[in-house]
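Only one chain is given next, in structure tokens, and it is the form predicted on its own.
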Amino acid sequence: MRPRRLPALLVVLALLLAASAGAAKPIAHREVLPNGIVLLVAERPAIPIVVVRTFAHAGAVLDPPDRAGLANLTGALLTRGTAKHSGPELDSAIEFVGGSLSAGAARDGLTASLSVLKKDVGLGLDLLAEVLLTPTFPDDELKRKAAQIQAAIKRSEEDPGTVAGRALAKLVFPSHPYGVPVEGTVESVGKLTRDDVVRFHRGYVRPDTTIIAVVGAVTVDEARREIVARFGGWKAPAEPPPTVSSVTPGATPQTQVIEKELTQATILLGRQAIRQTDPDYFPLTVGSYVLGGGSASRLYSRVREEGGLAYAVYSYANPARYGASFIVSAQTRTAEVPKVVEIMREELARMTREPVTERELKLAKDYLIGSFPLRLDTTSKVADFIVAVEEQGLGLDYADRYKERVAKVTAADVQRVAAKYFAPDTFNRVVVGAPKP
């Protein structure tokens, strides 16, 4: 039998529905609550877990100059006691339902994280609201956490990569908080008091600078109802939120050699770069992959495969809210440091002079586009991602735009951007483990 023809109107309707079904669905719903909280909800009904991230603009960039490590200590103390529960009681309550509750601070913000089964969302959110809104920062817990942080800082001084990273940050961001370690120093952490922590939390953890992301087996309406019930009465202070200046161009590039009795040296080259909001970020990312992004990269081929000179060599862009950096790194035998540094400089310079090959361009773009879904393959990763794109001002369509923009990058784009950011004489250099020449 011949199929019956649909009336013209039904054909048009079917085409419209098909187009709608093929359209990209936003990764999350976004709305701003009356008190200024940005609420993001990503429904994943097939997974019976709910993950919640709260992100307040209360990171280490807001540490007073003489109180480095204050945000970090504040974040570490959030779950160590509230107006209703002690730290051990909080731990027991969340562990009883097989969930997790944690908090901490980074450069740009302070995060509290919750993960629970759908049936325990109410309990989990009650505890999350407590640690964010009514922490008590007990003195004994403060002393214990401060001592732990100081011990960790001392241990990290034995790690060449950490030592090199801290030294490079000071050179790349010499007049900005990004040049100061998030964890502070042994001395600065030793000066921190409970009054400092209370003042920091009261002044900077506020609804009008907070993002709350809810991801998992929950609808938008359910998430809104649960969040408003616990955070809707949270009022912002009368004074406006604090501001942080963007990074300013760095000083003349410098070289710092930190001598240590090691058989292997760590080399870091670094300079200021561009944020993800800059269209040139996409050619920069492709160029970075060609230079040092994997086993097919130029640096890997010359330094490791051909020369056998390094245990690891790579490059990467490191964007953040108030600035960005571009880093090239290698670990090699101390005797080979001059040779490896010279190869790194040669390959950086070659990126500025010669267009990348079609094969290199294709490999880089295929990897960057193909690996992107791995950033979103778990509920926790989705929560982290949507908070990051909101916090960076990238828009919730960033995943689609990223793949689209990377796909459009040409060899000429890579060479043009490399000419701006890969010139070897514009990089600061830190070497840990090699003797001074």
Partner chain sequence: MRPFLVATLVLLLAAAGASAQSSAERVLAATLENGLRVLLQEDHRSPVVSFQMWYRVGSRNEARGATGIAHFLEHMMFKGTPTYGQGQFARLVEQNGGQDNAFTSQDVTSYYVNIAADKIDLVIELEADRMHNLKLDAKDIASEREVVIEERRTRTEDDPGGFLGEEVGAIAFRSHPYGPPIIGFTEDIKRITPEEIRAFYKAYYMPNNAILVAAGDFKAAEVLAKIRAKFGKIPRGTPPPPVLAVEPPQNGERRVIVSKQAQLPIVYLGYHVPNQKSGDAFGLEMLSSILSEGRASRLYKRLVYQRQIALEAGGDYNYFSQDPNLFWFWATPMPGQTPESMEKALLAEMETLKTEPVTEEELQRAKNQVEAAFVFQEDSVHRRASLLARFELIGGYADKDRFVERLRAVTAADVQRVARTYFSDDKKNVGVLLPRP
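Numbering follows the first chain given and starts at 1. What you are looking at is a predicted structure, and each value in this text was computed from that prediction instead of being measured.
Not pictured, yet referred to below: the form predicted together with the partner chain.
Within this chain, A310 lines the site of the partner chain in the predicted complex, having a heavy atom no more than 4.5 Å away.
Under a 4.5 angstroms non-hydrogen atom cutoff, the partner chain in the predicted complex has D91 among its neighbouring residues.
None of the heavy atoms of P34 is located within 4.5 Å of the partner chain in the predicted complex. Contact annotation: L374 falls within 4.5 Å of the partner chain in the predicted complex, judged by heavy atom distances.
The candidate site formed by D66, R206 and D397 is entirely out of contact with the partner chain in the predicted complex, as no residue has a non-hydrogen atom within 4.5 angstroms of it. Between the partner chain and the residues T277, T134, S295, S245, the one pair within 4.5 Å by heavy atoms in the predicted complex involves S295. Scanning T82, S115, Q272, T285 against the partner chain in the predicted complex with a 4.5 Å heavy atom cut-off leaves one residue, S115. Residues placing heavy atoms within 4.5 Å of the partner chain in the predicted complex fall in a single listed stretch, namely 258-266, out of 258-266, 168-176, 104-112, 229-237. Residues of 347-379 lying near the partner chain in the predicted complex, listed in sequence order, are R359, L363, D366, Y367, G370, S371, P373, L374, R375, L376, D377, T378, T379, the criterion being any heavy atom within 4.5 Å.
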